[in-house]
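First, one chain by itself in structure tokens, the form predicted alone.
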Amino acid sequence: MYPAPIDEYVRPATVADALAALGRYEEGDAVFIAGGQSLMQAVKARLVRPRCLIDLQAVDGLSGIEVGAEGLRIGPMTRYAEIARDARLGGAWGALGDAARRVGDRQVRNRGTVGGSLCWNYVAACMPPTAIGLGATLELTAADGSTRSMAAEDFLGGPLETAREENEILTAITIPPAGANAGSAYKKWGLVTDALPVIGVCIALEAEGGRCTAARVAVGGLAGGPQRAGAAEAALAGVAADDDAGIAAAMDAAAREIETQGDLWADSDYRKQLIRSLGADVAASAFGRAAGEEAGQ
């Protein structure tokens, strides 16, 4: 389909200019466009009918990856391909590369952005559960110049829902410093290669002497939006890297705790089995990375 008529296209150079352009329109009449890989499909299908597109491609300061003593800072306009090839994003942050290398196809990875994915929060997306699993914090700037930060799990709601206010723009994603014995991983399962995930699992953990001392487990592909699996996190505590039964029990706890849906792609029970099987693979990779082994997913 062709999109409904669009009155104005704006390409601002600063965050302030982008927010000023947004403020010239009534709520919903102007939208930010990042990589456009999801938004333009909705615009062409007339599910979204903006009067104004505000292109964020040229906004200063919204792209790039910074690694420092305070952890990792990613600009929301950073493309998946940039994340996928950044050699610094291993170990504790390995899940980022796993997810970025498996988002869509090559064209999507070269155009799509991490911030666009988080703000769109599609039900079958890789970055939302990865952000939750890594304990990411999202920084937002409002039209009056004020800023606020919130945890990814608080920002991300049900599919296509976030806590971003109409007069705000996402300006950064931050992730805490990497621990000495920390590792993370992400894996998805789709119907075909490069498909959207039916289920995606992210696990970030810390280990001491080969045993898990702390863990975060997040699952995507859910009708209720990406979720943490608190039961699995508790069950992983004290589990050794080579304890297959213990890891399996933790992933079974996740499958039992999380409500899954049935649809044309998979029924509820199959999704629960994916949580178990994918979760076990992801935990093994996270343990390996915590031990200094950089095995990819």
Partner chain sequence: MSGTSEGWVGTEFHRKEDHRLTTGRGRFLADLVVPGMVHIVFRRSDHAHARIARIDVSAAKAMPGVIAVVTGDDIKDEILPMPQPVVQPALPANYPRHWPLAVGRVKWHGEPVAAVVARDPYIAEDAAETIEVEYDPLPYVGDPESALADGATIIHEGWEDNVIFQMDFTGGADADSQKAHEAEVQKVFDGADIVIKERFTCHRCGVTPMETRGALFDWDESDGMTGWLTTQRPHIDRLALSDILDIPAEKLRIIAPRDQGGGFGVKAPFYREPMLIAYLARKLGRPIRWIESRQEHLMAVSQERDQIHDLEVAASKDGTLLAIRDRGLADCGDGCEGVYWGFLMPFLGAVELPNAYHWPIGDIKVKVAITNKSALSPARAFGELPTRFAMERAIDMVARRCGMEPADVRRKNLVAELPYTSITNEYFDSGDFIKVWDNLMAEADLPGFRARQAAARAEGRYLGIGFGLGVELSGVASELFVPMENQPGYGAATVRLDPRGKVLVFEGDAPGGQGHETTVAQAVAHSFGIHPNDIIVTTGDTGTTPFGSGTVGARAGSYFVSAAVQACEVLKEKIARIMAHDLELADAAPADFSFADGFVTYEKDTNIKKTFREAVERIIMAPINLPAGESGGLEHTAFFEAEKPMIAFNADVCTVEVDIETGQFKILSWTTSEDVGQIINPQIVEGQMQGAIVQGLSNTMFEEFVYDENGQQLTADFETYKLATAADVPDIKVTHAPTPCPYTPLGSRGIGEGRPSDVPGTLCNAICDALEPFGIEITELPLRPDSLWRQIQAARGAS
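Since we're looking at a predicted model, the values are computed, not measured. Positions refer to the first chain, counted from 1.
The next section is about a form of this same protein that is not shown, the form predicted together with the partner chain.
Every member of the trio Val192, Trp265 and Tyr270 reaches the partner chain in the predicted complex with some non-hydrogen atom inside 4.5 Å.
The candidate stretches are 225-233, 46-54, 249-257, 66-74, and the one lying within 4.5 Å of the partner chain in the predicted complex by heavy atoms is 46-54.
Taking non-hydrogen atoms only, Gln41 approaches the partner chain to within 4.5 angstroms in the predicted complex. Interface membership of Leu274, defined by any non-hydrogen atom within 4.5 Å of the partner chain in the predicted complex, is confirmed. Under a 4.5 angstroms non-hydrogen atom cutoff, the partner chain in the predicted complex has Pro3 among its neighbouring residues. Within 4.5 Å of any heavy atom of the partner chain in the predicted complex lies no heavy atom of Ala178.
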